[in-house]
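First, one chain by itself: the form predicted alone, in structure tokens.
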């Protein structure tokens, strides 16, 4: 028994030493971050801002390389990430909630759930806004609602995909006002914005940040939040307009890792990202781009996922077609 015990103890010491050494060296190469939407949209744009300082030694000392895997409102990228991403700490993904949580509840081909990932940190909360082309006859949300009541199904409204925050806001609007709207799912926020700008659809729900950056080309009629926002302080909330659309569609954005990533690596990533998000430079760049910040640590992000899922289980049962 003693002969067996010594080799086992030696093996344990070797493994512990390797683990500590490996963590001390992490990261020793660039990190890859999957963004499940096309380049140029709010998630992609903000992910590049919040990781711009990653190469500094006080954070990762390595750059974060953005890899876009768009499709199906983010589901294509999250399916890939849940099934194929390495668990070595060098692969991470942006998350969008309620998007990935709603899709996990609705679609049987979703390979993920809230239990598939290790939450790391949150950088922002971006409300959905109702937008129309600059030359639209709809000057207020009530103009659009009145036309939709008189012309059921003729108002086309787009968003970044099915059962993303934009779609949820549209479903809330249709239910609240008893109107029939024709939803046009796009392959992300950028093509959705382009379709509204080009008047290919009559209206759209998009992110506040994207609408703010493109306000020269679109009019913002209402915001799906509980209060007005400083970036667009002249835009009323739906609730102010007497329409029961709340903040259930607010798009929270942040970072998660594959389930099973080493706990020490997860903790290191949490600290680095939270510190980066709170840096003066990142805050400045986010403010300049009209991107609302909302920084949460790992535990707070995990609590957010639970809260959003519980809300969606009720909301989607009530409003989905």
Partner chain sequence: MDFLTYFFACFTPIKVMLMVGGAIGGILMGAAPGLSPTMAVALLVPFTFHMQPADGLILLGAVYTAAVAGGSITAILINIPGAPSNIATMFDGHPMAKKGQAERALYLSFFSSGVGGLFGVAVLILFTPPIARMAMEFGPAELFWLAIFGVTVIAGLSSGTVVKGLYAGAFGLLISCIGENPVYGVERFVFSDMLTGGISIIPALIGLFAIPQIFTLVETLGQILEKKSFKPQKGILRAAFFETLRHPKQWLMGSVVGSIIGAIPGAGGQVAGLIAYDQSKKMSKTPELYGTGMPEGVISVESSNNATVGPALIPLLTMGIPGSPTAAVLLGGLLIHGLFPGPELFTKHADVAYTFIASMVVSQFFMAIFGIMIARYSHVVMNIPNIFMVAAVTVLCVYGSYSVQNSMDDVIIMFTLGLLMYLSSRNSFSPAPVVLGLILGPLAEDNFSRGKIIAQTSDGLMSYFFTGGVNLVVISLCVISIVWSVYSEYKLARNNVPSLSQA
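Here the structure is a predicted model, which is why all the values come from computation and not from measurement. Residue numbers count along the first chain shown, from 1.
Another form, the form predicted in complex with the partner chain, is not on view; read the next lines as being about it.
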40, 67 and 75 all contacting the partner chain in the predicted complex, non-hydrogen atom within 4.5 Å: yes
Single option in 190, 104, 94, 122 placed near the partner chain in the predicted complex, where near means a heavy atom within 4.5 Å: 190
Partner-contacting position among 214, 116, 140, 136 - heavy atom within 4.5 Å of the partner chain in the predicted complex: 214
One stretch from 171 to 179, 247 to 255, 150 to 158, 122 to 130 that, in the predicted complex, holds residues within 4.5 Å of the partner chain by heavy atom: 150 to 158
Contact label in the predicted complex: residue 194 to the partner chain, heavy atom within 4.5 Å: yes
The partner chain contact at residue 52 in the predicted complex, heavy atom, 4.5 Å: yes
Exercise: residue 283 in contact with the partner chain in the predicted complex, heavy atom 4.5 Å: no
Proximity of residue 89 to the partner chain in the predicted complex, heavy atoms at 4.5 Å: no
Stretch 89 to 117 - residues with a heavy atom within 4.5 Å of the partner chain in the predicted complex: 107, 109, 111
